[in-house]
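Just one chain is shown here, as structure tokens, and it is the form predicted alone.
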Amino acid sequence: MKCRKCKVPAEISLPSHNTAFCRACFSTYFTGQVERAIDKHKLILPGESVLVALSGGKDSLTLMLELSRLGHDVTGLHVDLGIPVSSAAARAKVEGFCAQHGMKLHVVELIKEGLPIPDVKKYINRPVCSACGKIKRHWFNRVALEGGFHCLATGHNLDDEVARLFANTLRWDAGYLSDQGPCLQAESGFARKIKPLYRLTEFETACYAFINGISIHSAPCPYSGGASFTGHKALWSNLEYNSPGSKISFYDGFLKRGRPAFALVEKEEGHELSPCTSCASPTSTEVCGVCRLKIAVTERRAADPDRATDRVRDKA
């Protein structure tokens, strides 16, 4: 198979586009997809500053590098979850990447904030992935607003977006379906959120990271076993294999026809938001969900007899 553009032997096959590229032409294609997403949905306007959420994985580091190469003013944000071994490894990748490319980086340490994920897992009776996601989104939004950034960019790729859309459709969750898309405008104390990689698959971002020599944190989170999200991705990968182009067709169809309908319903049924009395983040209750988590973790940790024993042992 030859490269679609320059006709040299191809290295990367993309069945969904019925084409293949050499490394150089793939990079051109990749950049074109990011630029198309940004231009079509006005994700980043000239002169705007962008806060990029960095996990240490291929998608977020790829996004950071590509936006920087496109000339955008980018700053990285890493939330250190405080998970033994895993978090230190992920943070090292992020710090090494930003140092290598001379990029600005802001780090939030959940241990210092009183909400390390191991404690959330131990003391909160709810799925840890759900709580972790809520905490990360809280800090993404908070740092974006407090830092005066024009928007917050995340590395969600097409596989992520299709799996999420599929899960929300299975539940017919009108609230989530109303705001899913490449751009969620700023309103009511929330920063503008953008997903410039939404047209690119996980395979494509992996190829970009490999071609550009990006050293990534690839180990799965030790707490993520059994997540339904992984199963949804596998289902769609199988569908895409048998019917190339299904992912982008499903997602583009939703953006054109589904999201506007759900957005109208949600607008009519929306809840009024006000600042949290503790952290000032927007919430529909007096105290936001993350502050309530922090209060519960703090109280249960203080009452934990095992923790009390550890404190006595530490003093000795």
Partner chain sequence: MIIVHVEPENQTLIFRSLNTVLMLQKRLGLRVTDALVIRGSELLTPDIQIQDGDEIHIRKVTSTG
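Keep in mind that what you see is a predicted model, and the values were worked out from it rather than measured. Residue numbers count along the first chain shown, from 1.
Quick note: we don't show the form predicted together with its partner chain, though the next part is all about it.
- Distance criterion of 4.5 Å from any heavy atom to its partner chain in the predicted bound form singles out Ile211 from the list Ala174, Ile211, Met103, Ala89.
- Interface residue among Thr169, Ser246, Gln185, Ser218, judged by heavy atoms within 4.5 Å of its partner chain in the predicted bound form: Ser218.
- By the criterion of a heavy atom within 4.5 Å, Tyr123 is excluded from the residues contacting its partner chain in the predicted bound form.
- Its partner chain is not shown here, but in the predicted bound form it comes within 4.5 Å of a heavy atom of Ser13.
- By the criterion of a heavy atom within 4.5 Å, Arg300 is excluded from the residues contacting its partner chain in the predicted bound form.
- In the predicted bound form, its partner chain sits within 4.5 Å of a heavy atom belonging to Lys233.
- The stretch in contact with its partner chain in the predicted bound form, judged by heavy atoms within 4.5 Å, is 53 to 61, chosen from 35 to 43, 53 to 61, 282 to 290, 249 to 257.
- The partner is not shown here, but in the predicted bound form the stretch 188 to 208 reaches within 4.5 angstroms of its partner chain through a heavy atom at Glu202, Phe203, Ala206, Cys207.
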